[in-house]
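Just the one chain here, the form predicted on its own, laid out as structure tokens.
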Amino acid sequence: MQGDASDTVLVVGAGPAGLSAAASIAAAGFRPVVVEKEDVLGGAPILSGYAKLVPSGEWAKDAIGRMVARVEQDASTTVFKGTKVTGFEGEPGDFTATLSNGEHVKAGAAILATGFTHFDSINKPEWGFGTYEDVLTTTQMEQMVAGGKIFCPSDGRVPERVAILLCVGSRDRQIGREWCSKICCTVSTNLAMEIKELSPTTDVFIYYMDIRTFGLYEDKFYWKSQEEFKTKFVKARIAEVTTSGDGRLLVKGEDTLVKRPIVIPFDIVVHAIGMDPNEDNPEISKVFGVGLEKHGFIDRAEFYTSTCGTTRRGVFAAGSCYAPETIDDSISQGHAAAARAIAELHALARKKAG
């Protein structure tokens, strides 16, 4: 049996939100127990090989790597990798978590930082993913950027033209994805600039319904990608991606500004994939006794007086397990969830003391 419930917080998931939560708990003099289902810490930025992060421009392996090191090197923090929580019983101040490795953890509160699942472009087959080698996702393209060379996977040639298709798995009622994934527009404009930096002769086109580079991202990414890196933006409705006789890809659809059909050849087509609810959410909901909202993300408690809450008292949450979220905001929410958990333990201790 691991730990004393009164000073221990269970953190489930070790992406940006979970790492920041664990660091804050430790800094406050409490003991975080981190349970991560993968064999490495860092979440999607590390597991999916992200390149430069938005908006800092720092390489993911460096920025998130510092967060991982801070948690792994802290003497008060216990980390379980390759492990899931299979049972969670008790009440606030006195929970017992059963782990898949047979361990039991006593904790006064829990924080779910279980993240999201990238949309699988196989669910959008008309846009060519899984059929043509040179149709990639943004995560695959980021891995290419991180490798330092832009090339067509089919034959290794330097692409003359790259198309990035926005809202793949987002804002699409036909496939049950009614939500905006919040960060894809900005990530795609950033990716366009990264492609151009590595391959100055490559022209990059972004096909969009709307552009949502919100807040300060508008100037730093949307305008900069056009004015300094010559990214071409085309407002269009894409019907399909096929191939031409010479092996290049054909993007077919309608230019919705001028109301005319388009058929344009490209060497690489990139799907800007959205953020789905974590595929494990039904299991997480059952184990922790928390609700899911209608799309399958973790359901929020009343926000204004129960920030970072869930439908079960003593179980908090942070980051993209709630909804599509940026890395920076996920980190902030991790700190906030830690504060809520610690406040709960203090309140319970005062009540117990009479």
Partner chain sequence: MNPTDNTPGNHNANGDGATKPGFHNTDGQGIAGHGSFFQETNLSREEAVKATDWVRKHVDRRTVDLGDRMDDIREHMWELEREGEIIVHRITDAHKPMTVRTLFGWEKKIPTNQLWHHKSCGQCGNIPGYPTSLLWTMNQLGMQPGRDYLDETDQTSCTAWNYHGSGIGNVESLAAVFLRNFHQAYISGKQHGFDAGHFFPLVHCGTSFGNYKEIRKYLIESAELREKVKKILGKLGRLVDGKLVIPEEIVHYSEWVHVMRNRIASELQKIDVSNIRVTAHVACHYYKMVHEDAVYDADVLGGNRTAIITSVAQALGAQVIDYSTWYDCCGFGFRHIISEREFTRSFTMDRKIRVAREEANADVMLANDTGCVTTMDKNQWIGKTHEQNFQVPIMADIQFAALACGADPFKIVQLQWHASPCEDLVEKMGISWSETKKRFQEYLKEVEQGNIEYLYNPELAYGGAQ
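Positions refer to the first chain, counted from 1. Because the structure is predicted, anything quoted here is derived from the model rather than measured.
Below: the form predicted in complex with the partner chain, not depicted.
J.: From the list Glu240, Asp94, Asp280, Glu103, which entry has a heavy atom within 4.5 Å of the partner chain in the model of the complex?
T.: Selected residue: Glu240.
J.: If the cut-off is 4.5 angstroms on heavy atoms, which of these, Gly87, Pro153, Gly90, Gly82, is the one near the partner chain in the model of the complex?
T.: The residue from Gly87, Pro153, Gly90, Gly82 that makes the contact is Pro153.
J.: 69-77, 154-162, 106-114, 180-188: which one contacts the partner chain in the model of the complex at 4.5 Å, heavy atom to heavy atom?
T.: Checking each option against the 4.5 Å cut-off leaves 154-162.
J.: Answer yes if any heavy atom of Met144 is within 4.5 Å of a heavy atom of the partner chain in the model of the complex; otherwise answer no.
T.: Yes, Met144 sits close enough to the partner chain in the model of the complex that at least one of its heavy atoms falls within 4.5 Å.
J.: Would you check, heavy atoms only and a 4.5 Å threshold, whether Gly215 touches the partner chain in the model of the complex?
T.: Judged by the heavy-atom cut-off of 4.5 Å, Gly215 is well away from the partner chain in the model of the complex.
J.: Even though the partner chain is not shown here, does Ile284 get within 4.5 Å of it in the model of the complex, heavy atoms only?
T.: No, Ile284 stays farther than 4.5 Å from the partner chain in the model of the complex.
J.: Going by a heavy atom distance of 4.5 Å, is Thr98 a contact of the partner chain in the model of the complex?
T.: So Thr98 does not count as contacting the partner chain.
J.: Can you work out whether the partner chain is within 4.5 angstroms of a heavy atom in all three of Gly245, Lys252 and Val263 in the model of the complex?
T.: Yes, the whole trio is in contact, each within 4.5 Å by some heavy atom.
J.: If you look in the model of the complex, which residues in 166-181 sit within 4.5 Å of the partner chain (heavy atoms)?
T.: Heavy-atom contacts within 4.5 Å come from Arg173, Gln174, Ile175, Gly176, Arg177, Trp179.
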